[in-house]
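For reference, the chain that follows is the form predicted on its own, supplied as structure tokens.
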Amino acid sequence: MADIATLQVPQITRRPLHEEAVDRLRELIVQGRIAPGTRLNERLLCVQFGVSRTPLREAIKLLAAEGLVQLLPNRGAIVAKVEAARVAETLAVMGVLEALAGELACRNATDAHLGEIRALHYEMLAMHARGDLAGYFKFNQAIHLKLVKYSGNAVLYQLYRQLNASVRQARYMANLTKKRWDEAMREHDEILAALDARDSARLKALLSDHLTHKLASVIGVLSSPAAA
């Protein structure tokens, strides 16, 4: 048995408060619990999160860089509105990037990488079965990011992450109807099967179609009277 003094273990660290604030505020915005156009009341948020204004303001700046928050000169910040035209343009680019990532992943991802994605898929499937949309979305995002990461192209991964952050709220909105959510799950089943088979041509087509269907769903939500 090794002596405690010789053990090589990482130190226990606490996440910076602004990172915790970013995660919590992002979740509230993405899930629509703070509606677009709502002014972010710093005093109330500080009380609810149990933090001071310094980490909260840092979190707001980071979310503004992601496109989820709009900073108003001398007037604080509001939750950014989801603009259909901007979402359409962004998802069109992301569809091309994901198709390329799928092709490269079929070639470059290791069996261990595919195992990670498969495990995330089963977790996502369980969330879908429970009707837990927030949990489903968490694993859904992880799958898409892992797929692009394991393409082996660092530039592609960095660009995709930046674009994905700017439409995170729109992607969450895509599965607000039960019909579309069920369809999305079936599409992911097909995506996983194509990836497991390393069928790059089929995977490219499936990923492209998946984002096309997602865009149609988002536009439908944004054009509904309730979103007006």
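This one's a predicted model, so the numbers in the text were calculated from it and none came from an experiment. One-based numbering along the sequence shown.
FYI, the form predicted together with the DNA isn't displayed, but the following is about it.
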From the candidate stretches 40-48, 158-166, 22-30, 183-191, select the single one in contact with the DNA in the model of the complex, where contact means a heavy atom within 4.5 Å. 40-48
Heavy atom within 4.5 Å of the DNA in the model of the complex: which of Gly135, Gly95, Gly76, Gly152? Gly76
Can you tell me if Ile219 lies within 4.5 angstroms of the DNA in the model of the complex, counting non-hydrogen atoms only? no
Could you tell me if Ala205 has a non-hydrogen atom within 4.5 Å of the DNA in the model of the complex? no
Is Ala129 one of the residues lying within 4.5 Å of the DNA in the model of the complex, judged by heavy atom distances? no
Does the DNA get within 4.5 angstroms of any non-hydrogen atom of Pro55 in the model of the complex? yes
Cα-Cα trend for Leu62 and Val155, given that in the model of the complex the distance shifts by 3 Å or more: closer
Since the C-alpha distance between Lys61 and Val155 changes by 3 Å or more in the model of the complex, give its direction relative to the shown form: closer or farther. closer
